[in-house]
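In structure tokens, one chain follows: the form predicted alone.
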Amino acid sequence: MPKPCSSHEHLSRRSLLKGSLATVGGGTVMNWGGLFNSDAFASEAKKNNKRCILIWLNGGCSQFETFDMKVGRSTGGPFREISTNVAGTRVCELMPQISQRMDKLTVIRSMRTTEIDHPQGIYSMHTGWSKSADTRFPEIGAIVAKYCGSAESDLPNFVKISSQGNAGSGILGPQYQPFNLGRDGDLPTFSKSRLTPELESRRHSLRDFVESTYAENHLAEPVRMHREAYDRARRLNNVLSAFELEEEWEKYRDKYGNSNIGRRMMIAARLVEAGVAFVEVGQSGYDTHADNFEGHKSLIPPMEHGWAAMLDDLEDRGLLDDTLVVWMGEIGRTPRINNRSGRDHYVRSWSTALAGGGVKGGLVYGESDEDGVDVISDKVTEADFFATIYTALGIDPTTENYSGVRPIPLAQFEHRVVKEILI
């Protein structure tokens, strides 16, 4: 009876097989995301029919002016606490609408992350990884697009509306790159052809003939990817009406609040309803090294108004149970208030929030100390946070994709799924 191979031997054989693929035809075959287990896991994850909306607070929203107030302490700031619809849980007075939806939220008050500056923090809180010279980690939107989206859909599976993050699809390949809308949710100019349908069809036929002939003798992955990207761009013309939401905005303007961020959140809700797997909406201005309190006083009310309306809207349409809403920025703000009434960057203890598909409502997880300087219970790292999100969406965080011949899991190796917040 043959002796079973060890895990080391198993890995070596897999690497050998992938190495062979890399040398067929005398050149390197680009391995966009992996040829082995990843597609099978994607098929399984798609059965869950989960979607995700990310509310991105660019610059780093203050935990002290939202979910982790320290009233009466020197670090507390001028705002008051208000009660919520969850007994014993209080939030900042700047969030009266969200205070009455706390039963839908899990708030994490114990984030401990590693990247304190904006570029690295934006990368880390979009990918779950620190930047690396030899691996292009994909953003969460690309991962959700691959594992929860539909390859047959004419709609893009990853949409950004006025948001940050430039890691893109990384090793997953160009088919999972984000489709970017303008700050008001308007389509990019290239999305609509200026040609008549007849002329566009003739031009497409000619281009398709030339590219097919070229591809017969050049079996390179980028050639195939380019053709697929062009095909998706053409198919987008079948669903342009999904982005024509001016009448919808007129109808729901008051519900969401007459603001840019409110409009983006309404568009996000409509796009996930139409079948988009992941939508990211952004609001900038939270990097409040000066005038932190005036800054948050102007930014949070319209944001929380739109956020509350979006949760209600998703619930009314029967979508909230399958749509995970993630609220976060790249960093928190310092406990210390500087001499410009500002708060600086802080990653030792800060807050995020989740709502909807796969997570409990009315829950506060983790705790900071009395001044908000440090986490004193249930620390959550970037790796833990992303592993928990993927699990909530029905995606196994240990699933591997490939950077060349190197297997890369979705979440960092040393992660902990925070099961206490999952349904």
Partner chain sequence: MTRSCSLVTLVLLIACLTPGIALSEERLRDVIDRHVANAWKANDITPAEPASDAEFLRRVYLDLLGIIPTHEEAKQFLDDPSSDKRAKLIARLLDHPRYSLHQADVWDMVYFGRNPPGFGTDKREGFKDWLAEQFDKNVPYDQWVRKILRAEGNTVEQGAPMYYVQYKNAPEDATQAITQQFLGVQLQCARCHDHPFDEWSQLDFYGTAAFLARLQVVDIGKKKDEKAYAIGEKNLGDVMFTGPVQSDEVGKKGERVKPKFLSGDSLTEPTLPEDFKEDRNFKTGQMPPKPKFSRKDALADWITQRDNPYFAKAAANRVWAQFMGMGIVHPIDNLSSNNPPSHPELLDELTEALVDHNFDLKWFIGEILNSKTYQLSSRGSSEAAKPMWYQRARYRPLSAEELLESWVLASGYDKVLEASKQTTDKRLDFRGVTWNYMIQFFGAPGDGEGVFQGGLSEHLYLNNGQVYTLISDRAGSLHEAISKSEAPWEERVDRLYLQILSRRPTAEETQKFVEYLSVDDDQSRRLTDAIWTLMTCSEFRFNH
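What you are looking at is a predicted structure, and each value in this text was computed from that prediction instead of being measured. Positions refer to the first chain, counted from 1.
Unshown form predicted together with its partner chain; subsequent notes refer to it.
Undergrad: Any idea which of 208-216, 87-95, 100-108, 141-149 reaches within 4.5 Å of its partner chain in the predicted bound form, heavy atoms considered?
TA: Correct option: 208-216.
Undergrad: May I ask you to choose, among 185, 170, 262, 121, the residue with a heavy atom within 4.5 Å of its partner chain in the predicted bound form?
TA: Selected option: 170.
Undergrad: Report the residue, out of 239, 245, 220, 82, that has at least one non-hydrogen atom within 4.5 angstroms of its partner chain in the predicted bound form.
TA: By the 4.5 Å criterion, the partner-contacting residue is 220.
Undergrad: Please check if residue 116 has a heavy atom lying within 4.5 Å of any heavy atom of its partner chain in the predicted bound form.
TA: Yes, residue 116 is a contact residue.
Undergrad: Find out whether any non-hydrogen atom of residue 225 is located within 4.5 angstroms of its partner chain in the predicted bound form, and reply yes or no.
TA: It does: once its partner chain is placed as it appears in the predicted bound form, residue 225 has a heavy atom within 4.5 Å of it.
Undergrad: Look up in the predicted bound form whether residue 177 has a non-hydrogen atom within 4.5 angstroms of its partner chain, and give yes or no.
TA: Because a heavy atom of residue 177 falls inside 4.5 Å of its partner chain in the predicted bound form, the answer is yes.
Undergrad: I'd like to know if residue 290 sits close to its partner chain in the predicted bound form, meaning any non-hydrogen atom pair within 4.5 angstroms.
TA: Contact with its partner chain, no.
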